[in-house]
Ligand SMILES: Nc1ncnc2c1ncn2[C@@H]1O[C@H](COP(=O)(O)OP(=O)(O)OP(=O)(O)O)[C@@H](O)[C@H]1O
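Okay, so here's just one chain, in structure tokens, the form predicted alone.
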């Protein structure tokens, strides 16, 4: 159970509150034009997104983790190599779809935060695609299992995740509906599906 600002000790209740609060913040980011002022492809922009989403919930929002973390059998970048790893990712090229997805895969391997990596990094990915190529991913067209399996294999071979995401590209980059459905889907990948973003007030 991760310590939180809400004083919640029940993990199910925390997950619900986290989903509700951070989905509202995700929509706020879009509606206010906040995302348009961020530099695409930089860790500082990802940290800013993460802080915006989770600052009402966690003290560590927007801060690089100081513990080692793993998912299943996969260990993300060790803390001692995290900063150099993020510096390398910052320097990676991002002028084509392939380069952008490679950068995204590397950021996923780095997993710089204690919690909320996937949700904030998918927004960061779309920001890169939008600014560099004038496309975004319509996440509602990306099957959960296909995505999760492709991401799991991506550190070894990224051809699969490139294929899965390329099929879901849209040039309708300013469509609020696509963005909202995308946030709901992004949360669904992580097991958060209690609230629909469109119905949150």
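Everything numeric here is computed off the predicted structure, so don't read it as measured data. Positions refer to the first chain, counted from 1.
What comes next is about the form predicted in complex with this ligand, which does not appear here.
Taking non-hydrogen atoms only, residue 152 approaches this ligand to within 4.5 angstroms in the predicted bound form. When contacts are judged by a 4.5 Å heavy atom cut-off, residue 81 does not count as touching this ligand in the predicted bound form. The shortest heavy atom separation between residue 115 and this ligand in the predicted bound form is within 4.5 Å. Although the partner is absent from this view, residue 103 stays clear of this ligand in the predicted bound form, with no non-hydrogen atom inside 4.5 angstroms. Residues 190, 192 are the ones in 174 to 193 with at least one heavy atom within 4.5 Å of this ligand in the predicted bound form, listed in sequence order.
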